[in-house]
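Have a look below at one chain only, the form predicted alone, in structure tokens format.
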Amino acid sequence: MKNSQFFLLLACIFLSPGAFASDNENDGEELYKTHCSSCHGVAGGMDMSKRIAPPIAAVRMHYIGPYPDKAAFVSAIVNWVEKQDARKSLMPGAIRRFNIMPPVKVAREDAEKIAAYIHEGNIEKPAGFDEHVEERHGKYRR
């Protein structure tokens, strides 16, 4: 009897939502790699002639100021992914350089995970990013 109770307890622990928290935390990163990094990744560094979109670190930088709260940040990014509107962009220079982002087919729940991952800030910056930002925008904070 004690063995069955022990295994039942183990099953409850390992099947609880909290048991997979680290996997859920990685969902946003994996989804970002799948849906976003080919355009917004580090390839091309800060040589804009070698890029097709701004690096995600730049997107985060432009959005984190107006939307420091995670929920607001996630909402702003998800709303942009769902409907790109140049008039509502926080990055008009990027739109002039790269044009408007094409529609991306990603489920809202997945877009929320991606945005939460970006908000956390554990994203790779292209070589020369900090120098570029300081030169163009002053000291980068956060």
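Everything quoted here is computed from the prediction, not taken from an experiment. One rule holds for the numbers: they count along the sequence shown, beginning at 1.
Missing here is the form predicted in complex with ligand HEC; even so, the following discussion is about that form.
Going by heavy atom distances of 4.5 angstroms or less, which of A43, M48, L90, I64 would be at the interface with ligand HEC in the model of the complex? By the 4.5 Å heavy-atom cutoff, the listed residue in contact is L90.
In the model of the complex, do I52, V59 and N99 all put a heavy atom within 4.5 Å of ligand HEC? Affirmative, all three are within 4.5 Å.
Does at least one non-hydrogen atom of I118 fall within 4.5 angstroms of ligand HEC in the model of the complex? Contact with ligand HEC, yes.
Would you classify V74 as touching ligand HEC in the model of the complex, given a 4.5 Å non-hydrogen atom cut-off? Answer no; every heavy atom of V74 is more than 4.5 Å from ligand HEC in the model of the complex.
Since the partner is left out here, which residues of 31-53 would have a heavy atom within 4.5 Å of ligand HEC in the model of the complex? Result: H35, C36, S38, C39, H40, I52, A53.
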